[in-house]
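One chain comes next, on its own, written as structure tokens: the form predicted alone.
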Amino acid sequence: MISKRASKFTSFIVMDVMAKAEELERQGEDVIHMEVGEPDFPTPKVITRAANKALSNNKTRYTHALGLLELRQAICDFYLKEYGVGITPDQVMISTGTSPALLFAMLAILDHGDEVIISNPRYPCYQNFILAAGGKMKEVKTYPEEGFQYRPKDIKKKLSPRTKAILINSPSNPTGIVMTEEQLQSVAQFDKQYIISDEIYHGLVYKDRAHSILEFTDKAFVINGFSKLYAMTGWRLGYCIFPAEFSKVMQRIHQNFMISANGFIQWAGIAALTKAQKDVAKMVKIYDERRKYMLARLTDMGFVIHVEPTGAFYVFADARRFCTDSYKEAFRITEEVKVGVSPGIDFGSGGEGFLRFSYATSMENIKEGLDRLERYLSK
């Protein structure tokens, strides 16, 4: 019998859309993928060379449960250089992607029935990590005209003695919005709770810069990794930064559930942090060109962009002029015009009526996909 807990896990609808798109492709259809958030660039050669070298040198054994000391130190150096915050290697855990890192952070702080505050809309998998750790989510409604950012007064209303954490994501999936210093400070003021900050899209910012929550509080768990910025989704390499008192427990959790991340891939992570800056700069420049083009085209079609997205690689477009059921509309667009898009309802009830478009695909694909969409809407 399937457990009650597993039965409560919600579907990640964007993956269902992608499955439908792939089914159409197997039937010979030409599908434009704007539903998934996966870089279309190859992993920079400086990174793959480092992995190949590590393999040639037989770097294929277990590492320390927290990860290679060299990689953890490189992450400390990176956060000091980028954000001016000092952390030590014993505050860093390397894992196989950011998803396990987020789950293990939840396991470290949540007892059964404890609460985590999350925004609505938000990345759809968050609630399942909370559920898996025995916790409960407390939703805070956010508003499109404010870039779907928390209002501190609304957080305050949701706080209770069982509230253990507030979860933030900047740059955001699905909105592409980057939190300002003031917005981060407004969340960090709730210092009786931990802040869990998903910073996986850091570096993919096209105006100003992203700030880490660690600039404003040390009572934080930071989730970050290599998938998005370095085009390393399939490598599965992420990390968690945590308060020093959690070092031993994070080590024990990782020992039991993962043992360690892949050794040779960790050496590739060091190369990414220290040698891939030029490659990243080229990718960011191209993403920005795509971003500007997509924003202009969607606006011309009649979609409403309430706040300009300046990070990640998504546009969360208000499609309420065209539809009231984003789930049906996303699948209809995928099936009728062969353009994969993500339904806003996937990200919570506050996303209903919106569609998420990813520009992590070529400009050629974006132009063709938006041309198809425009013809579809004109009908």
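One-based numbering along the sequence shown. Everything quoted here is computed from the prediction, not taken from an experiment.
Keep in mind the form predicted in complex with a small molecule is missing from the figure; the text below concerns it.
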Item to complete: Using heavy atoms only and a 4.5 Å cut-off, determine which of F104, Y230, F242, Y126 is in contact with the small molecule in the model of the complex.
Response: Y126
Fill in: in the model of the complex, the one of K164, R236, R151, H306 near the small molecule [non-hydrogen atom within 4.5 angstroms]
R236
Worksheet item: Taking the partner as it appears in the model of the complex, which of 291 to 299, 94 to 102, 243 to 251, 112 to 120 has residues with heavy atoms within 4.5 Å of the small molecule?
Response: 94 to 102
Worksheet item: Applying a 4.5 Å heavy atom distance criterion, does I200 contact the small molecule in the model of the complex?
Response: yes
Practice prompt. Tell me, yes or no, whether Q266 is in contact with the small molecule in the model of the complex, where a contact means a heavy atom of each within 4.5 Å.
Written response: no
Worksheet item: With the cut-off set at 4.5 Å between non-hydrogen atoms, does N173 touch the small molecule in the model of the complex?
Response: yes
